[in-house]
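Only one chain is included here, represented as structure tokens and corresponding to the form predicted alone.
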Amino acid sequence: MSIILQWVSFWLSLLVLPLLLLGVIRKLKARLQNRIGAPITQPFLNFFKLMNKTETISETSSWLFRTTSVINLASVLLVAFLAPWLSYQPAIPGDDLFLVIYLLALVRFFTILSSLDTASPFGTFSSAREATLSLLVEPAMVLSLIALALSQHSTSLSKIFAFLPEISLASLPLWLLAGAGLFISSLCELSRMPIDDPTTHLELTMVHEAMIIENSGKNLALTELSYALRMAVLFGLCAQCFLHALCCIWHPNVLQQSLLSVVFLFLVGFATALVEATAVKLPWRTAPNFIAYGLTMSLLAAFVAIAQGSLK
């Protein structure tokens, strides 16, 4: 695949896939619950509708509240360019896994500051929960990526997720465990079920939705877009792990890898819809128990990577 075709395909995917994935998850969740649900294109319609609406801004808010959505969108766009969440994505220098983790933490930091800036009691309440969740989930996400970095002896994400001519069958457990750890961590990072219910209207039980409850108009549109893009990137990394696990058994060509990366991305979305349609929201005190499953998967992946390195 030529570099021009790679960039064109990536730009089209960047513009379409995030909101489309969000619409597919909502539609699948509705169908699994015997509801018709909104059309798949509803996130696109909501985005353009919000861009044409006026904003309602709290009198206590400062410049931080108005600029957070732009800062977060710029940070997530940088993550989308650095993290190889699609197999046909062109490699960019400086794609270090720790840089990506810090950029995601920067998005969370500004979101928390924005929710505190409005002096909303719900925003303050949810910000404390968001900070606690980040403290619990970051080790699992970092360990999953470090386990993969150990196997490739590099922290460059393009090298970690590169499709080698022959991937050994012995790498299958590593990719599966790392993918499972990333998936569980992503559900917590994105405040989805069973940690948080994105469709609830009870502010006292919400995490992410209560943090952006004061956003409206263009501010809310950019916030929702950055969330959808962050979800696509995190789920894309999970999909790449499972795709590499498949490549340990079957070696597809470049075109097949490109198609499978999109298919696996929507399969991860289907798994998310299945979890949200069947699981119940966990009480706050038991949420760390669920995060512990992701941490366990990440630790097992790290042990497998260390064992494979010692045997070489």
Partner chain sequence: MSITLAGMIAITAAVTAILMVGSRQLSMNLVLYSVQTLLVAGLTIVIGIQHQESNLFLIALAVASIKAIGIPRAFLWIVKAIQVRSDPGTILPAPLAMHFGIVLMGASSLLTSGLPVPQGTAKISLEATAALSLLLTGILLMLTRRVALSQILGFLTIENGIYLFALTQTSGMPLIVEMGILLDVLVAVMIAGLLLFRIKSSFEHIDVTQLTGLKD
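Numbering follows the first chain given and starts at 1. Treat the numbers as computed from the prediction; the structure is a model and nothing was measured.
Omitted here: the form predicted together with its partner chain. The next part is about that form.
Under a 4.5 angstroms non-hydrogen atom cutoff, its partner chain in the predicted complex has Thr296 among its neighbouring residues.
Under a 4.5 angstroms non-hydrogen atom cutoff, its partner chain in the predicted complex lacks Gln6 among its neighbouring residues. Among residues of the shown chain, Ala131 is not one whose heavy atoms approach its partner chain to within 4.5 Å in the predicted complex. In the predicted complex, its partner chain lies within 4.5 Å of some heavy atom of Ala170.
Within 4.5 Å of its partner chain in the predicted complex, a heavy atom is found for not a single one of Asn253, Ser261 and Ala273.
For the partner-free chain shown, Asn289, Ala292 of 270-292 come within 4.5 angstroms of its partner chain in the predicted complex, judged by any non-hydrogen atom.
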